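There is one chain below, alone, in structure tokens, taken in the form predicted on its own.
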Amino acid sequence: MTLLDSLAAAVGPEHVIADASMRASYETDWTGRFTGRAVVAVRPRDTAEVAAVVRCCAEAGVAVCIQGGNTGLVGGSVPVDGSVLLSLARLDRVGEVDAVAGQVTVDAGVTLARLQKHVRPLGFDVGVDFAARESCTVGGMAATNAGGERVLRYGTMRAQVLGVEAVLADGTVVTRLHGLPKDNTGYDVVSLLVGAEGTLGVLTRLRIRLVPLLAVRTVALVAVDDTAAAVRLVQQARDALPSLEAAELFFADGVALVRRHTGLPAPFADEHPAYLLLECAGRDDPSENLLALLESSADVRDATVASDARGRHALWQYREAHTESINAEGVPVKLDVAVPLRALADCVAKLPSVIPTGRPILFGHVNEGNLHVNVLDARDDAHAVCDAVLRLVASYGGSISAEHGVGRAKQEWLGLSRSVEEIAMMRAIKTALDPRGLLNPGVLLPPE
């Protein structure tokens, strides 16, 4: 029996996609920068079928590349040539909400938006949110330890995942979904698999911690002079506003780009160098405290505030439309990095001078020192751009990947953020769980 025959027996022939034209959508990432050629794309329905697919590939000695919503930005979701592309899109069951524990179990292929719509009518919400919510999947978010806009209040995806079910490289299924908040029985299998980018196992189901739905929200778009002013204002907001949930930074060139591609009006009568978007949420109206902060801060040059849903959405568009507007200009070199907050202003100031070519557009999450560096017109010099930016970030003691993972795009530079000893430990874990290196080869760990 051939590999294709075995896969067809495992998932049904209609879910084994061998035709090149039908595979194409699985083989290039969202940015258009990374691509590969799979032998076949396979769409299992549940954990048992995922395990059967992985066993077939293990027996044939063929690599397995795992894909959720294919919204990744570091090349980790596209296949290496000659591999089997394992799509988790059909793993889409959402379990009943455990209202007592504030938890829910979902399949890895469930989108963030669908999970939000499932839990919000019951008074709950998901602690992680970002603009790709309609297409990103919970499994991909966990695999990359995604962060997004609410890390300030709720932490990254690792803080939301209380349990997992996963398929290991030999097809073994590991299930740990009880969601106990206290469990000191040895190694933390859940935390190990979350953030591993599919290199240790295929996440198929997850137990998610839910947070209270805070429907009373206020958003402020604030004009400031520079990054240092934005950092100071966020420090003041953290102290004064327990309701603070998001603090997003972007700049005049990004706003101009967004306006060009969306038709949004100018946010203020005058243009300003930098902008900070603050969102507060609570059971009581946070507007009064937010307005008091804005009126008292010497760093505020102008501000507009919205409490109604339409107004809040309009202000968020200036930030969330950045990614699509950048991509509309061409294929960018995208780098997601973090530096200590005390170094953020200095890093932002130096970045344009170290980038060897292209047009940088920056935005990010202020409180975490997390910058999304997007360089347009630099695709042919991507390696030089990455090297310059990542080495600058490392010089501040920062991280080459804050929330998108390392993928294939950054594995060459892993040593800038991890010690030789840490990388050796990671390799030992990878070798123990996947001795032949069949799961997501080329992702995360650089070649030895």
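Everything quoted here is computed from the prediction, not taken from an experiment. Residue indices: 1-based, along the sequence shown.
The same protein has a further form, the form predicted together with a small molecule, not shown here; the description that follows concerns it.
Note on the interface: of 32-40, 396-404, 382-390, 412-420, the segment with non-hydrogen atoms within 4.5 angstroms of the small molecule in the model of the complex is 396-404. In the model of the complex, none of the heavy atoms of R153 sits within 4.5 Å of a heavy atom of the small molecule. For F250, no non-hydrogen atom is located within 4.5 Å of the small molecule in the model of the complex, even though that partner is not displayed. Although the partner is absent here, N289 lies well away from the small molecule in the model of the complex, with no heavy atom inside 4.5 Å.
At least one heavy atom of T323 is located within 4.5 Å of the small molecule in the model of the complex. Just one of L73, A237, V84, V255 comes within 4.5 Å of the small molecule in the model of the complex, counting any heavy atom, and that one is L73.
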